[in-house]
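Below you will find one chain, with nothing else, as structure tokens; this is the form predicted alone, and questions on how it binds or moves follow later.
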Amino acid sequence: MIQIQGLHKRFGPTVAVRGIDLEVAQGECFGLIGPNGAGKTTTLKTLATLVKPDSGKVTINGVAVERDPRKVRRIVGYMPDIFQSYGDLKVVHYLDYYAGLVGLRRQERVRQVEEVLELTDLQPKREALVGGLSRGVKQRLCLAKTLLHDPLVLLLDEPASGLDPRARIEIRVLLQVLKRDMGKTIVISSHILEDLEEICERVAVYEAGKVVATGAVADLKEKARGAHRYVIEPRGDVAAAAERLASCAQIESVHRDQHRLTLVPTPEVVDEAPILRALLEADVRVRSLREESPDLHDVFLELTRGEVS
């Protein structure tokens, strides 16, 4: 559905993206993660035809973005990270206004407004003024506006930014419905990595305008060096246990947290058996031991150094 080859974009002296290659399959939810200034928003704006690339090839559903932007705009829906609204409009009038801007006429316009109100659970707010809505409801309204022309592809820039936990869950559930039940292709950037981990099949890790890693979430987590770890609660002196374990050949590093120790094994350790041997050799008795699986936070911290373009 989406193909990016050798994408470059510069803004004055700043190189925003440098040689990005990405592919997103139809019906896939694809995540973009990386530090601020890494190039994620520039990539989304290029796909949305809002930024013209300096070089490279970008196609969506076989349509070249630079050659036929009008056709691309009928295919994609772009949700920016900052909500722009007319605060004195009612929700239903706000959506009706934007339905007209995307070319919907009369009955189709009314039907689409009602459908997106229902889909985003905004029917109870249809008569409310946009300016008085909470941040979470405004984000759902912005997504509803993005869905008015029934795009094949959704480009979402930080849709859960600044939301409380309940509003984040509502957005996440809605995105799962759009992908699973409606077959939308979704490209989403977010700093809330646990949300991406739950809804994305694959992610691309950005840094300094480049993609430093891409692949299935499970594969990236498996490759993240140092992400595989064991958490123990020792009996007795925690500091002494940490000192003894730090010298064990099976353990790369030990991190102490009051009553617990987090053990990062060496790369060749693939199960708990070497850790148990290390505990015996170091004469460390434990109240509990558990394995912690790596998550996208581990991948992010392992693969990036905080560089920006």
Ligand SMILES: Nc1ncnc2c1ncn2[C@@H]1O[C@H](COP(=O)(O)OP(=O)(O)O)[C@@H](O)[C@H]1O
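Quick note: we count residues from 1 along the sequence shown, nothing fancier. It should be emphasised that the depicted structure is a prediction, and the values quoted were computed from it without experimental measurement.
Below, we refer to the form predicted together with this ligand, which is not included among the displayed structures.
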property	result
Heavy atom contact within 4.5 Å of this ligand in the model of the complex, the stretch among 259-267, 242-250, 55-63, 30-38	30-38
Contact of I20 with this ligand in the model of the complex (heavy atom, 4.5 Å)	no
All of F83, Q139 and T146 within 4.5 Å of this ligand in the model of the complex, heavy atom check	no
Heavy atom contacts to this ligand in the model of the complex at 4.5 Å, residues of 10-30 in sequence order	F11, T14, A16
